[in-house]
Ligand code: NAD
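We begin with a single chain expressed as structure tokens, specifically the form predicted alone.
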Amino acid sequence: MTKEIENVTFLNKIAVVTGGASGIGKSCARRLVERGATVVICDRDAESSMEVATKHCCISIPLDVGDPAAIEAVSDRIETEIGPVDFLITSAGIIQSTPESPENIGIEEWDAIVDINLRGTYLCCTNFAKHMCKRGSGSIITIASVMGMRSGPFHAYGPAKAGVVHMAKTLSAEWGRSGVRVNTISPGYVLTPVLQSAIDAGLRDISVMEESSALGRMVDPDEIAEAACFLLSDAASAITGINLPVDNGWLSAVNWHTYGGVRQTGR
């Protein structure tokens, strides 16, 4: 699969990456540019978005995915001023600040997480897909999380990401006959700047996260980007409606802690 991904080219393709100013979105934008795509970064952090766009030869358009009218306006603007969008990666999202018990999560925080992570993703998909469906082609990747696939103490973030997974499946069936593929990537513990800040502040223990995975390490944002490039490409032309975990085997290994953890030697 590595050779296939390395040979993927997206010349004359237009890609939109929400949340492209940092973390996973930034890595996805960079990889798409390297493969020849014209990339539009849409992020509410206009300053950081412009810095990334300047450095990596992207186009920056400010966007808050919590604003439905803004999403529609930006989608129509890109189609009119830049060209038909071939790819969409919905990486914009916010995390739950702490693993609180549900009775201690303020409803304002809960609403914000669901609003951005689930509703914002849905609105981005629908607004960009309406153009793709008319043309009869397009590929969308929603970014979820393994927290949407397992129980955990994130009572807003986990359900929101589970909703993203299910939503992408339903949209893949809805738009499949219109030539639009929709897939999800569910990252494991990715060493993004946000997570690194939490580690540095003593809020997360990196050794616990590493030991919970089969490969015994963190995921690099570029590894998510590589998976995204594959799913967007013609090499994945028959793949739609899937949820691809890119998690270093966290899902397969986490239950091993009940029995003392993954064996270090493999014997």
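All values derive from a computational prediction rather than experimental measurement. From 1 onward, residues are counted along the sequence shown.
One more form of this protein should be noted, the form predicted in complex with the named molecule, which is absent from this view; the next part is about it.
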Task: Partner-contacting position among L63, C229, V40, A37 - heavy atom within 4.5 Å of the named molecule in the model of the complex - done: L63
Task: is_contact(D45, the named molecule) in the model of the complex, heavy atom dist at most 4.5 Å - done: yes
Open item on the list: I'd like to know whether I94 contacts the named molecule in the model of the complex, with contact meaning heavy atoms within 4.5 angstroms.
Closed with: yes
Task: T192: touches the named molecule in the model of the complex, heavy atom cutoff 4.5 angstroms - done: yes
Task: R181, heavy atom within 4.5 angstroms of the named molecule in the model of the complex - done: no
TODO: Heavy atoms, 4.5 Å, the named molecule in the model of the complex: which of 75 to 83, 165 to 173, 136 to 144, 102 to 110 makes the cut? Say which one.
DONE: 136 to 144
TODO: Residue by residue through 114 to 131, tell me which have a non-hydrogen atom within 4.5 angstroms of the named molecule in the model of the complex.
DONE: I116, N117
